[in-house]
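What follows is one chain in structure tokens, specifically the form predicted on its own.
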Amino acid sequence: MSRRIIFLLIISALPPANLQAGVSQEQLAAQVRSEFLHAWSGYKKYAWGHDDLKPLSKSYHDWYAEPLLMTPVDALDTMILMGLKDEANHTREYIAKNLSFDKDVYVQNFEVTIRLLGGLLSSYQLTGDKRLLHLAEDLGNRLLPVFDSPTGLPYRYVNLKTGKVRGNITNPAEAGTLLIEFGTLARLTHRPVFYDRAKRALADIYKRRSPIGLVGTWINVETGAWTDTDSHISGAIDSYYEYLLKCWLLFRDEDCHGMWLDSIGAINKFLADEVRTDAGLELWFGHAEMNTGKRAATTYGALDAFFPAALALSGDLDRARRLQESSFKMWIKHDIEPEEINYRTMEIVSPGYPLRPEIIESTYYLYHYASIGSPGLPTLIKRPDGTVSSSAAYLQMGQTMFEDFVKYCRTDEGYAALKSVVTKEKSDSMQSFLFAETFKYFYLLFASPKTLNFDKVIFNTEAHPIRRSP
């Protein structure tokens, strides 16, 4: 039976053991750790002190005129979870002594918040090193001016030295993916201004939803008017929905809970799309016009693949399982996922693969819930020669993706994005989220559950674990 069939059918083609080829979970976790170190070694060799490694040219890339140590900050909590004590200690010392935000550069508030502010806060909680908290507070102070708009929605860019802002057209993801980080900073510094400003922005996007409960893709922060009314769960909107749910769970904020419940109802009504195929009824999520709910596009991609994790976290394990099957179908079509497909035709819309982690994140979440026997997930999946446990099925899924990932993206000195999943031609790019998210979720999928107590943390959208409120 071909691998290019959906998850429930692929299980029947796999061997009876929990994992293929007799590889144990412990061995897979060790392999992930080894590959993390391979990529990290390449970064240290050719890009130390800079933001990202360019793995093909063996050089470096900085986001701005001066580096902000994106990769070290993003990678630190993953090192800690992997037990790489020497590397983690060395990296933490380097960050504490060399990272400065006193720079005359305009930075993208969203990316700096999820990568740097989130990474510093998570690593502070894991180490207790107050130097990291002091860096986080300094960064938070420098980012606060973004909220000084007529609506309270944040501008996209801020100058870290002068506080000047620019970029008055933003999107729900960039405006609404700030409360985990700013709220945690408020809690740790006892300065509620951080929580209040970020929550206002999140709520303001919600207040501007359409009469049928959907949000658009782009909005003017000065007028509050939508400039693009395309609605979906993909990039530019995705993590807005994620943070409505997670901020309820992290802070026990009932306002966020209510906003999530209203939003998920509209998502399931207008964006969910069932497609009948020879294999059965598949679940996808497409695009719709925010005011009418009319189907606008039947595209789904690597960024959308975070949604099974969100659905699982919300308790909707049936939809989570079904959507994960669809995401995996997208992956195995070319042995690695493209950035976007037309799920009605399974044709590629955007062929690149930037080393994204979202499908791995969802596999980890579903494995967790299958392992603890959550209602909504089958305990056993039937196959011609017997049965396999649901949790083992997600391990097999993860193993397939990890082997494909190594096969097609590994380079002599790191990992490279793909220009096309069809040709497998590589691109000279290795963003920091490879360390923060992709390797972390692969590792947590295979490592002992004792590595991190899933129920005691909430991951920000960059996979930095933040402790839940007691």
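This is a predicted model, so every value here is computed, not measured. Numbers for residues come from their place in the sequence shown, where the first is 1.
Form predicted together with ligand DMJ: not shown, discussed below.
Contact annotation for H287: none of its heavy atoms lies within 4.5 Å of ligand DMJ in the predicted complex. Looking at P357, you'd find a heavy atom of it within 4.5 angstroms of ligand DMJ in the predicted complex.
None of the heavy atoms of N109 is located within 4.5 Å of ligand DMJ in the predicted complex. Shown alone here, E437 lies within 4.5 Å of ligand DMJ in the predicted complex, counting heavy atoms only. Of the candidate stretches 47-55, 65-73, 401-409, 429-437, only 429-437 has residues with heavy atoms within 4.5 Å of ligand DMJ in the predicted complex.
Interface residue among T91, S327, S362, S239, judged by heavy atoms within 4.5 Å of ligand DMJ in the predicted complex: S239. In summary, among the residues I205, A312, I114, A393, the only one with a non-hydrogen atom within 4.5 Å of ligand DMJ in the predicted complex is I114. Residues of 293-332 that come within 4.5 Å of ligand DMJ in the predicted complex, judged by any heavy atom, reduce to L303 alone.
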